[in-house]
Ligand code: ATP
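The form predicted alone is given below as one chain in structure tokens.
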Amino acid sequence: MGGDWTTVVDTEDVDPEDLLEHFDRAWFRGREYRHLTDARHGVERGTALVGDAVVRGFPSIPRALVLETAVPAQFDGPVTVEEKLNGYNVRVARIDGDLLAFTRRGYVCPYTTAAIEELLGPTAFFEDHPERMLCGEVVGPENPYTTHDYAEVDSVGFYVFDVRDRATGDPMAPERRRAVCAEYDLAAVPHYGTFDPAEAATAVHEVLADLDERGREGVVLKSMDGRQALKYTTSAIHRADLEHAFSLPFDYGRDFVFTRVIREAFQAVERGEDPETVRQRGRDLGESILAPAVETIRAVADDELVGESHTVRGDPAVLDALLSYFRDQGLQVEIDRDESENGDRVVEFTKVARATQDKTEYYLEGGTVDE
């Protein structure tokens, strides 16, 4: 790898060739590329190398537990507030004339690339900004990674939340980015306004009340240059996360429960909730944890397979490549439906949650737990 590859290394004491050893090799449409599945030496997870081109990974965004104190502590000037959508993070870049969609870990997903090509069509954005990448959220009922639905998306949608320099990762200022999205007819995440730090927490809580009622995820606050960001999520999404995690308790449950409960606790305190409201919050959390776990145990007891179910639609070859990728990753994929519909191939499949399936069967058959 040559060209501008060394621009991903920001410190003089890191040998680029040593760092390169941590990149995994992969292929897309017969072309080799490399991607970094975990952050190393200040280089973000998901950074990809395609020939001489570098596609920087998307940086992790810190989470606030108490907005009233976190906002003035993190921002010294106005903050812009945008919706945080519940899907999967994708970076889109054009390299040697090819539009490529990179997932958070830097994998070029064949399904997502095909979907983005169809959604964006022949866009002039990359003609005018070849050095940039579009960072956005893929959402909708027909995607292979997440299960949250949005009423405004029938199949799959791509909403831009950032535009960055492809090689350096430097962000475009949010106000300019929104103007660019409008200029090139790119769908963007909703914007709720710009506020001084002292008033931002109050404004955000008003926005969150509406988002919470509609079961949406939350917000991201950004500085005016886009270099600082903070995320905050709704109680509705905490419960939804727990419901999903405890429907597959031996795959996700333990990792999810503590962080979501702590977020709920801080949220209750910041809002000054009375004891009965806190008790109701606790009952809602408890139901989110217990009910899906019971449903899963009963399903396994009835000899059903449990896991994450998805529906995807598109070109048969693209869907074959997607399913092959999952199987290459060691996932057990069970096809529930595979047929043609209005000229598209439609596949409904389940990624079997092997740990939950096996451990639940073991315990139901008399296995014991060492505690």
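This is a predicted model, so every value here is computed, not measured. In case it trips you up, residue 1 is the first one in the sequence shown, and so on.
What follows is about the form predicted in complex with adenosine-5'-triphosphate, which we do not show.
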| item | value |
| --- | --- |
| Contact label in the predicted complex: Ile61 to adenosine-5'-triphosphate, heavy atom within 4.5 Å | yes |
| Distance check, Asn89 to adenosine-5'-triphosphate in the predicted complex, heavy atom within 4.5 Å | yes |
| Proximity of Val220 to adenosine-5'-triphosphate in the predicted complex, heavy atoms at 4.5 Å | yes |
| Proximity of Arg166 to adenosine-5'-triphosphate in the predicted complex, heavy atoms at 4.5 Å | no |
| One residue of Asp212, Glu142, Glu117, Glu137 in contact with adenosine-5'-triphosphate, assessed in the predicted complex (non-hydrogen atom, 4.5 angstroms) | Glu137 |
| Contact assignment for adenosine-5'-triphosphate in the predicted complex, among Leu85, Ala200, Met133, Leu248, heavy atom within 4.5 Å | Leu85 |
| Heavy atom contact within 4.5 Å of adenosine-5'-triphosphate in the predicted complex, the stretch among 318-326, 30-38, 331-339, 53-61 | 53-61 |
| All of Arg45, Arg104 and Phe161 within 4.5 Å of adenosine-5'-triphosphate in the predicted complex, heavy atom check | yes |
| Heavy atom within 4.5 Å of adenosine-5'-triphosphate in the predicted complex - qualifying residues of 165-202 | Val189 |
